[in-house]
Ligand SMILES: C[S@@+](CC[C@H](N)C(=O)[O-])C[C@H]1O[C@@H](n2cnc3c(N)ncnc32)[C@H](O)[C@@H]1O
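In structure tokens, one chain follows: the form predicted alone.
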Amino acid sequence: MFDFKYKLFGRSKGRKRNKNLILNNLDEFDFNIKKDLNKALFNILDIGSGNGENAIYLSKLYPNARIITCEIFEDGNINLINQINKLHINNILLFKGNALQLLDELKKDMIFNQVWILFPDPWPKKRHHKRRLINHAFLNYIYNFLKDSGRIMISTDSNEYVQLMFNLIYELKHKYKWENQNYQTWNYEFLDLAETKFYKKALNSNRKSTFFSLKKI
């Protein structure tokens, strides 16, 4: 279905080893489909979780939820694990790989109440557009994994990606209802959301960040 199905572009490790990162119990919080999957729970998938700011935010907002992060960037995963240990969080598990691989392993089962994708790489050059995660095929595919009335939350600071989202929302209006259709509810800065690394970077560069909430019909 997808070109370069499990290929991820970019680095999986930082250019320089951060001495503040601790490598203790790096695998203790790995997500195991066979023993950790429970469809009866309020399940949240956080794709491209970065340093884990959103996962930490969601763990506090939904203390009884099961939060599964997807991130290949090793430094980000280590940072998240350090925060899990420091804050004694018990509802976050990590999948250290491609989200498409995880979804394929789950085999189109309605599992997730929410899927979060904050600031995916916009790949602005035209020749790189095929690398974008958010597209018609992906939104069609992930629809199969959402529970009834499940939601996808997406944010971006790329104007081109915003236009792409508008087009996709129109094309898939029979599958998703766009819930936040006014400026106050789509402007990330006005909302009580996680202040991720990329949100702060956009803010410092005077780029507006837009948030979309799509509900499964």
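What you see is a predicted model, and the numbers here were worked out from it, not measured in a lab. One rule holds for the numbers: they count along the sequence shown, beginning at 1.
Although not depicted, the form predicted in complex with the ligand is the subject of the following passage.
- Interface membership of Y143, defined by any non-hydrogen atom within 4.5 Å of the ligand in the predicted bound form, is ruled out.
- Within this chain, L133 lines the site of the ligand in the predicted bound form, having a heavy atom no more than 4.5 Å away.
- Taking the partner from the other structure, the ligand in the predicted bound form has no heavy atom within 4.5 Å of any heavy atom of P124.
- In the predicted bound form, the ligand sits within 4.5 Å of a heavy atom belonging to K197.
- Of the residues given (I81, V115, I92, L118), L118 alone sits with a heavy atom within 4.5 Å of the ligand in the predicted bound form.
- Of the candidate stretches 84-92, 68-76, 107-115, 143-151, only 68-76 has residues whose heavy atoms lie within 4.5 Å of the ligand in the predicted bound form.
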